[in-house]
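Here's a solo chain for you in structure tokens, the form predicted alone.
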């Protein structure tokens, strides 16, 4: 059986979604997948980033460590895990621009049957996590992707807050996670790889 090629693509201002992406990367490697961990390019000007010490610290700590995501990563992957924060119930502009660049792959039919799953975070428990994932998945329908949402397929989903669309977490003003979601992330990755393996084999 061929190994699933999994791209873990994240955008993170202060580190929450980077941590979730790292858990996803580790879980995927434990499942035997070929994994790429990449970050969506930052578009905000440095003047804006410097207004938030946590954002600046995270940006400087990762900009030369984690490779930037490119559309080639989508082409390479059998499956993709996205980890992105919510912005007013939708994905950040950085993520939207990245997705908009996939038009060429979409036109060539190269996004059809990609297995996709997504995770998110927000400052408030009802800060738009579910809306963000549902809005994100709308684009996946246009791609012809296969959405591997976690549903209620494992106790880890309930322990991580019970979001059937994807693992989601709320954070405090300093960026500390209010819920324990690592188990949910790991289950979501395992499920995504399991679904993808059925397609490639």
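Note that this is a predicted model, so its numbers are computed, not measured. Numbering follows the first chain given and starts at 1.
Heads up, the form predicted together with a further copy of the same chain isn't pictured, but that's what we're talking about next.
- Each of 112, 127 and 131 places at least one heavy atom within 4.5 Å of a further copy of the same chain in the predicted bound form.
- Looking at residue 164, you'd find a heavy atom of it within 4.5 angstroms of a further copy of the same chain in the predicted bound form.
- Within 4.5 Å of any heavy atom of a further copy of the same chain in the predicted bound form lies no heavy atom of residue 190.
- Although the partner is absent from this view, residue 43 contacts a further copy of the same chain in the predicted bound form, with a non-hydrogen atom inside 4.5 angstroms.
- Interface residue remark: residue 35 is not counted as part of the site for a further copy of the same chain in the predicted bound form, having no heavy atom within 4.5 Å.
- Comment: a further copy of the same chain is not present in this chain, but in the predicted bound form one of 30, 52, 135, 70 has a heavy atom within 4.5 Å of it, namely 135.
- For the partner-free chain shown, 87, 88, 89, 90, 91, 92, 93, 94, 96, 97, 99, 100, 102, 103, 106, 112, 113 of 78-114 come within 4.5 angstroms of a further copy of the same chain in the predicted bound form, judged by any non-hydrogen atom.
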